[in-house]
Structures are given as structure tokens and as C-alpha cells.
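Below sits a lone chain in C-alpha cells, taken as the form predicted on its own.
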């Protein structure tokens, strides 16, 4: 891809879009609040697609996917009031429901959700530019995550369905909800990442205010009807609007008990400070990362290049787990960079519905300019773009750039680019990348490539105390979802996995009494008569 015009020609004419990929603009005029789909007659936010349409004169026109309500403080208040009322200080129908009852509601929602699969997948494609295959994977993985969460809750609840007798005290210890959760997901995995906090928050008995991401907001609309049918009124409530307006209002109310955010540490810090009762707030945060790769002299270059390409450029590098800085030993740097550039050159750029496409348009219209600036600054300071056409853009389509050699003077060395730019740093002593990781503000993951067991073992012992996952000869990634997903420093607060998330959105609570005949009789009467949903020895299958 040697020219900008060739890149622009990858955008389709309207007539070239396949019938099974076309979309009818969706103009949302309702929000889910208190179990009702409420009509909104205020200001609307137009949703422009990541994709463009090419006109006969070669210009690239924006495509409107639809629009959604741009609510303000009054809409935020209504959503919050509904969630607070449904929780009712822990006395509401949802927080006092049996675990089996909450599981049944979540499973009902999942069945309804699956019915809207094609609609949601198409909106993912058009809103954020994700390939059809990846959009389908995101939807299906989300369904699998919900199922795994149900299984994990059954296991957790069953392990707590017995009484303990210690030093003359009889006790039962179970998990109880925290209150009202504010759930906000990112645009890069708008469905999956949002649901990794939303579903555990719900299934543990919390009520929720859901704010969809800026890009990827419309894809939640088909699911609002499923939420409405599957859950009691007020358990799930939505707010759409400018984040800088509605979210501070919600946090400032002091009525949010859990902040679940996947976004930037800067935003998370600001929001936490706005809560008037910080000791009452639990934060479950997935934040920034600048995950490095360290390539040692004895690394298998074929495996390393394959994993680095996937790790750096899957979904255009727009993943918090992406490899965002590659350190390679100088003795193999030239060979590695040549192979990496060749592999990147072979990546297919195009539209999400095209077979085999790997690089697609970016949803944030400001991102290409930011990436251009970062690459230009690196080149000005002595780096080179190593692959054919790297760093060129047309409209929202940015050709991936392999930039080498990058050093500490450059923005690409420090900033999380969150896009299709692959900075490569040569090193002579492995202490150099180790010092980078130690001094970094981030501590999510690292990829380590090499085959010397002694060296790999020694480096691992150091790295596990800097990051939360060390990947040996493979890319950084989140899954499988049963594994812990966490970060040190400014990369996360709390741990997310299927089982960890259940604990993150709940607290251990217990019932205790003296060991005496009368107490035993009372507990037996409660259990046998099913007079309490908390005091129970029921077993979930």
C-alpha cells in the first residue's frame, strides 16, 4: 500500500456494501429507567460510523449510524433514584432474592440477548469498525462469560451453604451485595468489557446504573428490552449523556456504592475524588497499560514475530492488553525488525465485512492525527518507519507503522498509543527493559521471548513483582476469563476474572449465634421452613 489514494480506495461506494453488512440508521429515543422504556425528547447525539463511504469524486463521507439521547443531570438523577429505590437499603426484592432466583433472571436475560445477536454484531461493526469475525467473537465470548459467571456463583454459594462451629459460636458466612453500582465500559470491547462488570454486579444482588461508552453506545439499545423483561424494575437503569456532566453528578450524590470503570486512570482518579464518602465507595477499575515485550537473543523469531504482530495490532492495537512497546536485543534487532515489517506489510487493510481483513477504520476521528504526530516526532528524533506505507492515513483508516529505533526521548516510548503503531527499542543489557518496567506508571502485563530456562526463570521472578501477568513466548491478553485479570500501579484496582469479579461486587456477611440447644432449634426452624434466603443450606445444581 504505497499511496494515500490507494488507501482511500479501500473505502466502499455505498452500492458496494454487501446486503448482509448494510445497516439501517437506528435513532434511539428511549432509555431504561425504573423498569420502563422512557421517552426522551431532549438533545440527541449523532453517532457517526468508524467507516466512510467513497463518493465518485473520491471524497470520503461520514456515515450516520443513528443517534441516542444526550441526557443531563435530571436524567442521571432519575436513573440513580430508580436504582436506589430498587435496592432500598438492601431490603429490595433484588438484593434479598435467593441466589437461584437471581441466576434465573440472568439466564432469562441471556436467552433474550442471544436473539439479538445479528443486530448487535452489525452495530459493533459500524460503530467501532471491528471486523465481522471479531464482533461475532465478542458477542459469543460475552455469552460464554455470563454462563461461566453463573457456574462460578453456584460453586461459591454451595461452598458457603453450611454452618461453621468455632469456639462455641455457630456461624454461616455468605456473600452480600454492596448497593448501587455505576458500570462504565470502554469502546474497544463495548459489550464484553462492560458485561465483565455489569453481570457480576447484578448477579450478586446490586442494582446498576449503566452508562454505555462514547463509541459503541447504540449497540446496547436492542438489549434494553431484554434487561426490562428479565430483571425486576429498577435493577438495571441506563444513562446516556456527556460523561463529564452526568458521571460527576452521580458520584457527587454519594449514593454510588461501587464504581466499575474500564478506562483511564486520570478519569478514575477524578471520579473517586468527587465521591463525598470515599470510605463507602468500592472501586473496580481496569485502567491504562503500556505492556512491553522483551525479546532475548535466543528467541525463536518466527514465533516471536507472529505473537508480536497479533499482540500489537489485533483490533488495530486498540486493546489495553496490546503490546505497546517492543524491546529487542541489539544482536538480533535488525533481523527481527525486518521480519516484523514484512509481516505487518502482509496485513490486509479494509472494511470489517471483508474476508481476511485485519486492519480496519478507527472510531475516534482524532486518533489518526495523534498517531501521525507521535510517528513524526520519533522520525524527527532519528527513528524510521520500517514498513511500506506505514503511518499513512486516509479518512479513518491508518496504515500500521513499525517505528525503529525508538528511545526515551520519544512520545512513543512513554505514551500509550492505543492504535496501530509498533515502537521497537533495541537494548544491549536486559536491565534496560527491566528499568523501564520498574519506572513505568503501569503494571499490567509483559511478554517475554526466549528459550534459556535459567534466564527466563530469573527474569520471571523479578517481573511478577512488577506486573500481574508474565506471558512466556506469547502475546499479552486477558483470557481465559477464569484467570485473574489485574494490574499494579495505575493499571487497575481490584481483580477481574469470573470468580474474582463475584467477590469484587460483594462483601462477606455472616449470621452468628451461641452454640446452645435453643439456638440450634431456631436455626433449624429457619432453614427447614425456608424462612430466610440468606440462612440456607440449599445446594445449587
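Computed from a predicted structure; not experimentally measured. Positions refer to the first chain, counted from 1.
The same protein has a further form, the form predicted together with ligand G3H, not shown here; the description that follows concerns it.
- Proximity to ligand G3H in the model of the complex, taken as a non-hydrogen atom within 4.5 angstroms, holds for one residue of 235, 320, 128, 260, which is 320.
- For the options 117, 174, 141, 282, the residue carrying a heavy atom within 4.5 angstroms of ligand G3H in the model of the complex is 141.
- Under a 4.5 angstroms non-hydrogen atom cutoff, ligand G3H in the model of the complex lacks residue 484 among its neighbouring residues.
- None of the heavy atoms of residue 404 is located within 4.5 Å of ligand G3H in the model of the complex.
- Residue contact check for residue 513: none of its heavy atoms lie within 4.5 Å of ligand G3H in the model of the complex.
- Using a 4.5 angstroms threshold between heavy atoms, residue 188 counts as touching ligand G3H in the model of the complex.
- Of the candidate stretches 27 to 35, 500 to 508, 44 to 52, 470 to 478, only 470 to 478 has residues whose heavy atoms lie within 4.5 Å of ligand G3H in the model of the complex.
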